[in-house]
Structures are given as C-alpha cells and as structure tokens.
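Let's start with one chain on its own, the form predicted on its own, as structure tokens.
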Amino acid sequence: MDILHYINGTWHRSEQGDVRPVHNPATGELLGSFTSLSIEEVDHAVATATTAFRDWSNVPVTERIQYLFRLKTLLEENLQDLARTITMECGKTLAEAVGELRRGIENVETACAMPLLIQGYNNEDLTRGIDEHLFRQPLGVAAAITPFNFPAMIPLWFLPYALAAGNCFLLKPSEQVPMTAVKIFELLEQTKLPPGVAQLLHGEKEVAQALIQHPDVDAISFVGSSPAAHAVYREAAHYGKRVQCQGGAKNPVVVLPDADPTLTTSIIADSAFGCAGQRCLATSIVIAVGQAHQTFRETLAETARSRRVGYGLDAEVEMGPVITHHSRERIHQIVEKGVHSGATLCVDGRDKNVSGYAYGSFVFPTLLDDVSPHADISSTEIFGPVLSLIPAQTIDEAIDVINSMVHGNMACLFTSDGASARRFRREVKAGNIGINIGVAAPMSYYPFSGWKSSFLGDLHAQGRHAVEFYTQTKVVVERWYPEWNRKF
C-alpha cells in the first residue's frame, strides 16, 4: 500500500524524502510504505493552512461543527474497518481498538458543543456608560505530533477542537502507524471540509521539527516520552508557540488489605497488560500494603501466567505484541536490569513464542516482586506488559513512594475504606486519580490531567482545556456618547 499525504484537499505523493516501511507487529508482514515530506513540502502545507485560515476563521461556529457531525457519523459507520487497521499496524486486540475509537468519537461529540464552549462573557455599565466584553477567537494554524499507541484516539484529542474553534490543523502521526490517520482523513474528506483546513503530513523527526520551528504554526500539541516532551516543549516555547506536551508515565496502584482480591486482581491485570502495557495510563507498579503483598503477589502471578497472547485479530486473544522488535529487546533489557538490582522475577514473559507468528514482537506478561522504590526500574517507563510489586507497611509509606516519583500521570487506590480513599485523592501528586479504577482515563469533557514530568504546559487535551488551548481571548472596552448619536 502506498501511504499518501493529504495536503490542500488532495492526496499527495512525495518524491523527495526517504521511504519508510510500515510493518504488522504481530505477523511482521509489510503493510505499506510512505515517503517522508521534505522541508519545502512542509512549508507548502503550512502556507496552505495559513491561507485557508482567513476564510475558515470567519465561518460561523454553528457551520463549522456541521463537518464534525458528519465526521462522527462516518466514524461510527466505519468503526470496524478502522479498528482492524489499528490492530494490524499497532498490535492491540480488536476489542481494544474498538474501545480506542469510542473514546476518540466522544471527543468529536464534545467538540460539537463548541457554540456553548467558546462563549465569552461581558458586563454592562462597569462604570457609567462603559461596557466590557470578552471574546474567544481562533489562534491560527495548529499542529499535533502524535504517538503510535493510540493512532485514532490521540489525534482526535486535538483535531475536532482545533477545527470547531476556527483553526486550521496539521497532523503528523507516528511514522509507525500512519494508516489509521489516512483512513480518518479519508472520512474527513467525505465531509467536504474546505481544502487546507485539515492536512496530514507523514515523516519522522525532521517533519516534526519543521512544524515546531515554522513561524506560521501557532500551536503545538505533542504526546510521547518525557525526554521527547521536554525537548519539544523547550523548542516550541523558544519559537514563541502555545504548547502542550504529554510525556511519559510510571503509574502506581496502591492496594490496601481490605481490597477485594478477585475483582482488584482482574482490574489491575487489565490495566497493566491491556494494550501490551503500551498506554500512558497502564499500571506499572503495585504498592501492596501489609498483608495485601502476599495475597496479590499470588493472584497477580496466576493472572499473568494465564493471559492469552497472540495476534489481536484472533478472537480468543487478550493481549497483542509490542510495537517493534526493538521495543521487545529494550523491555527484555529493563527486566534483566531490574533482576540485577535485587527484584524477584515471579513471572518471566521474555523469550516466549506465539505459534504461527514467529516474526511477531511479543512480550508475555511479566511480574517482578520485592522491587525497591529507589531502583531504576521503579522510575523507568517500560511501555510494555511488565508489572513491579513494591511492599509497603502503611498507606503513609505508599503515598510517600508515589509523591517521590518524577512522573505524575495517574495513581489509583483499591480499598473499601472511604476515609483512606478521600485522603489518597487529596494527598497524592498525580493528575488523574482512580479509586477502585485501574485506568483513570477522563471522559472527553474533562482534561487529561497529567502532572510533573508527565505533562508540560498549562492546558491539557480534551474538554474545556482544549477549547482554551485553541482560542485566544480578546477583551473589548467600549463607550458610546449620547451626544454623538445622529438622527436620520
């Protein structure tokens, strides 16, 4: 398959850049390839967006959202085809891909409320005869640089809000999963969106850097690792752009002795091993308090051993591969380093094969026990199906461990005690908190609220934060003198 760029309302084949293959991480088969855009082609796309913005920003918001209503319908009608594409290029199971699309569609629905969300406010007679108004107006040209692990949902954190608010939008998806974005833009094309309002640019670091540095790009949204997020944030800020960067995570779960063993184990396992651990809200550390340590060590080990691993399109499979062979080897090395630092390897998911898929990038569920909170493995984002178990004596100790972490994306607590839950949600330094929840993913009308090294910026993705990010405020102070009135 020849994977094309979408620029100025037409599908475009670059003749200048390097050819980048795209492989199925479960089978190893070649799915397609694309040619990276040159810097000159990126410049052309930005110029096209800048021109399109002049008209698009003047389209009434009630008309702009009609394109999103059409997009929502098309996404629903093509959900199964999109989900299969996600599974083939990303590796997650078909059920996980469907769930991802549902969360993406929720953001399209929320952005359709833009006539309400974009409203300003005003005061009459602040002083005699003087009125003051606040209006929200679009920024201009916005770009998003998105990762491989959610090739549909994360672009839809940004695209619908940017368009509904009156901006033009450029998407640079991960070079590892470009096909899902192509299908979304094929649907967007069917809405008859004006040329240049939304464009799709494929490429690697050079294309992202060109967008970050371009003087006519007004806003940058980024999701990726913490080192990359820091680099993008520094550079985009240097070039004077509005910027939001979602970084890495090391999501801890605290389990108190009064937590239900069966239900809690199932929820934690789904969080840790779902999507092969390749999501920014995957549980990666379980801090087991008191007697919970022994109980959950056994139940989690049993669940890890029994999880069915394979190709995500196979109906019985519960977990797919990681994205590449390189990722698999990196995960193996991190696990080995954890063992050398003193952890006990309860369940070893390395060097196992899936029958019929010899070329797949599979890592089976892995469980490490007696992990030190000071070991490298306790701070390294593994981004794979590896769960570390840290014993603690009290909830105070568990909270201290969490608050000492450099990341702050998510933290969860499992308990039947309301006072402990209330204290946890108040004291823990993380942006997304779960109480008896394994994946504390906010609904689309709440911000995806990472803290510390998990987020750089002021305004997060989704909901009202997205509306504020993609608009700028204009305050108008006005007075009209009665003696200036003319009679006709």
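It should be emphasised that the depicted structure is a prediction, and the values quoted were computed from it without experimental measurement. Each residue number is its position in the shown sequence, starting from 1.
Below: the form predicted in complex with nicotinamide-adenine-dinucleotide, not depicted.
In the predicted complex, nicotinamide-adenine-dinucleotide sits beyond 4.5 Å of every heavy atom of E298. Using a 4.5 Å cutoff between non-hydrogen atoms, D131 does not count as a contact of nicotinamide-adenine-dinucleotide in the predicted complex. With a 4.5 Å cutoff on heavy atoms, Q462 does not count as touching nicotinamide-adenine-dinucleotide in the predicted complex; it lies far away.
nicotinamide-adenine-dinucleotide is not shown here, and in the predicted complex it never comes within 4.5 Å of any heavy atom of F185. Heavy atoms within 4.5 Å of nicotinamide-adenine-dinucleotide in the predicted complex are found in exactly one of 148 to 156, 161 to 169, 410 to 418, 388 to 396, that being 148 to 156. Every residue in the set A208, I212 and F222 has a non-hydrogen atom no more than 4.5 Å from nicotinamide-adenine-dinucleotide in the predicted complex. Contact with nicotinamide-adenine-dinucleotide in the predicted complex, judged by any heavy atom within 4.5 Å, is made by just one of G104, G312, G247, G274: G247. C280 is the sole member of V253, M319, V108, C280 with a non-hydrogen atom within 4.5 Å of nicotinamide-adenine-dinucleotide in the predicted complex.
Of the residues in 381 to 402, those that come within 4.5 Å of nicotinamide-adenine-dinucleotide in the predicted complex through at least one heavy atom are, in sequence order, E381, F383.
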